[in-house]
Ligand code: EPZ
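Shown next as structure tokens: one chain only, the form predicted alone.
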């Protein structure tokens, strides 16, 4: 990924205090934008965060021949796809580009793209996507290294599919394919994440028929066509998790509104065990830390409703400030903790062994020069810098812009000494 010339400058040691309303979830918005390709009438998504991944998705829609434009904080989408080849340079920038293939197959019978990109956090194969699509009548052509050409010469048809792993991306791809396929699709072993349920809700609002969202079995009755709707994506539980961990790392009291605590309950439970005061409301939570933090012991990520893999690096940043030992094992990605090198540069006593990050007490965090290794690891370095004494400069801002809208502005509004600047030549 091309790196921004900007950097984030943090002067640590200042507690956070205030209230933040959580924005819409990137991990919901991107599949919803892909789903708009299935719709024959206009779609409006409300309150969409201005992220680089959203801009890439809008470029993919325009490349397919649709109209996609900002109207204030909403995104207005209309028109039918006429071009089955996704713009290669754009598609290569994010993992979610693979989601646009299924709607193109449904509407045009063909989809061509480059293999999807994204953060380098480990193996992220698309074989589950392709195997499921093959059962629905899709053929893969030999397009050469780095390219993907898919055909549905007789259209998509329903199928019985069982995923060997509850992949969110594969579940969303097959849900999108089944929505307008002929007949019924039964998808077993499906991901249960809230973002999958949000996509199912959107498809149903547009005239689709999806049952079982939130469970491991989805039943989809294909429709000849979908209409459109006005839809508000669900709030971003990873953004909420990140800010909750920021309050733990920096200290102070932060109220997070507009996002049900149940969506990120594992993070809140771990922070409470570590000594934070966590007060939950219906659609809000208050996280406060004024005293010491305790080690969390051994923690594991997992598929929903377990601790989210995306929340693991920010949680690790809070663990750097604890008096006892902690460890996190990520069972999803083998290189989830590339941020460990930055933690060590700040003075954290950390080491990695395979998929496990070990954190020992006693490290005195002091500001230094850092570079974000990926989206969530970059956020974790910002949180660690908030807890460090002195000044830190964090490069690789482009990674953060993929998933955190107005991140520095939100933290500054809570009292953090943080700003963005252009790197000196």
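Numbering follows the first chain given and starts at 1. All values derive from a computational prediction rather than experimental measurement.
Here the subject shifts to the form predicted together with the named molecule, a form of this protein not shown in this document.
Looking at 260-268, 221-229, 178-186, 157-165, the stretch with residues near the named molecule in the predicted bound form, meaning non-hydrogen atoms within 4.5 angstroms, turns out to be 157-165. Proximity of residue 281 to the named molecule in the predicted bound form: non-hydrogen atoms within 4.5 Å are absent; the residue sits far from the partner. The named molecule in the predicted bound form is approached by residue 309, whose closest heavy atom lies within 4.5 angstroms of it. In the predicted bound form, residue 128 approaches the named molecule with a heavy atom inside 4.5 Å. Using a 4.5 angstroms limit between non-hydrogen atoms, residue 332 touches the named molecule in the predicted bound form.
Shown without its partner, this chain lists 235, 348, 169, 194 as candidates; in the predicted bound form, only 169 has a non-hydrogen atom within 4.5 angstroms of the named molecule. Contact annotation: of the candidates 375, 359, 45, 68, the single residue with a non-hydrogen atom within 4.5 angstroms of the named molecule in the predicted bound form is 375.
For the candidate spot formed by 38, 105 and 107, no residue has a non-hydrogen atom within 4.5 angstroms of the named molecule in the predicted bound form. Along 19-44, a non-hydrogen atom within 4.5 Å of the named molecule in the predicted bound form is carried by 26, 27, 30, in order along the sequence.
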